[in-house]
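Take a look at this single chain in structure tokens; it is the form predicted alone.
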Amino acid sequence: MFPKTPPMGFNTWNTFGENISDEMIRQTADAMVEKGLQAAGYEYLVIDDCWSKRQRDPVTDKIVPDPVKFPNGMKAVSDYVHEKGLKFGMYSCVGVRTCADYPGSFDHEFLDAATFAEYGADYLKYDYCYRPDKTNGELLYRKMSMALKASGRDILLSACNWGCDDVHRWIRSTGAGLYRSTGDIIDNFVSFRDIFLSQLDNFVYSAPGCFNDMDMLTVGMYSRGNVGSTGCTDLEYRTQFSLWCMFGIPLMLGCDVRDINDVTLKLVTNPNLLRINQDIECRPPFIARECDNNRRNAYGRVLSDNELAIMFTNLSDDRDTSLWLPFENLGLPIASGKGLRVRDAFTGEDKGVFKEYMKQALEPHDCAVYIAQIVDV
């Protein structure tokens, strides 16, 4: 599958870990539709690790769904998800075992891909644990990509190798549609900040067909669930979601969408932020002004329809800050006679026309995002 824009959906791991079931998946599918997430573009419902029995079937050698968690089998779950107008995602691993020690797909790629196709899968998250020594990661992902293509079903491959082996240099050639570029996220500010900063040099490799994936969002978790930690404030969650949108990262929700609160729901369905994330040109952002070792930056991103996204960030811990951005750094010199009409991405408010520069006050961990158009001044 060739994704034209960053995939959007929900993944079970951050909140539920091994505590997944047929009932929970059905309830989540219902919630994604009823709360407007599907309408906003969140189309994949992905079951992560721990869905199967501990051993393969001794006769068929297939991976077998856990009969307690999924008493009706995976096809019944998949059918329910599809009936809701969503797409169904599954999980496996390049190694002999998954990260939680369930059967992996090493040397079973074509059998497993055919099995996932039988289930009606549209997406496969493919992890990187328990690889035999001296195996080649690039080849392992290529093998599963070929197996999915031979399965008779269009299945998006999500390569989850944690940024190992310079993955950004070769992953597109395997046929994967997105690739994990970092270690696992946990629910606190430092985790998502450091994950983001680790990728500043690599976003140029993200483009239609294959997108840099900085892991599932923790927005709205509030320290609960499988990767719960200290949690974040609503302001910090707003910054996390804005960074993922500004930098064209796949938006895979990790909170329990069944009880998502109004603040989180409004944030993750914000049409201006999603417009930036899903911009059809998928151009990478650039650093328009750098301060404090990238803790206090301004970014620009060229959008389609002659628009420009601008983001100010204060990822520092110890002070409020005032950032200024000369439009020269955006490629808009003073002598051009042009300025920017600016709209606040959070509120939709027209902030008016600016010429020569913008200035933004931010408290620690905060951000501001704008969509701008070039105008005469």
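Worth saying up front: this structure is predicted, and the values here are computed from it rather than measured. Throughout, we count residues from 1 along the sequence that is shown.
What comes next is about the form predicted in complex with beta-D-galactopyranose (GAL), which does not appear here.
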Would you kindly say which of L235, A100, V96, V263 lies with a heavy atom within 4.5 Å of beta-D-galactopyranose (GAL) in the predicted complex? A100
Identify which of L140, I186, C129, L273 has a heavy atom within 4.5 Å of beta-D-galactopyranose (GAL) in the predicted complex; exactly one of them does. C129
Within 4.5 Å of beta-D-galactopyranose (GAL) in the predicted complex, counting heavy atoms only, one of 345 to 353, 45 to 53, 320 to 328, 306 to 314 shows up; tell me which. 45 to 53
Flag V268 as yes or no: does it have a non-hydrogen atom within 4.5 angstroms of any non-hydrogen atom of beta-D-galactopyranose (GAL) in the predicted complex? no
Quick one: does Y91 come within 4.5 Å of beta-D-galactopyranose (GAL) in the predicted complex, counting heavy atoms only? yes
Whether Y222 contacts beta-D-galactopyranose (GAL) in the predicted complex should be assessed with a 4.5 Å heavy atom distance threshold; does it? no
Any non-hydrogen atom of W162 within 4.5 angstroms of beta-D-galactopyranose (GAL) in the predicted complex: yes
Honest question, do F192, R296 and H365 all end up within 4.5 Å of beta-D-galactopyranose (GAL) in the predicted complex by heavy atom distance? no
Residues from 1 to 40 in contact with beta-D-galactopyranose (GAL) (non-hydrogen atom within 4.5 Å) in the predicted complex: W13
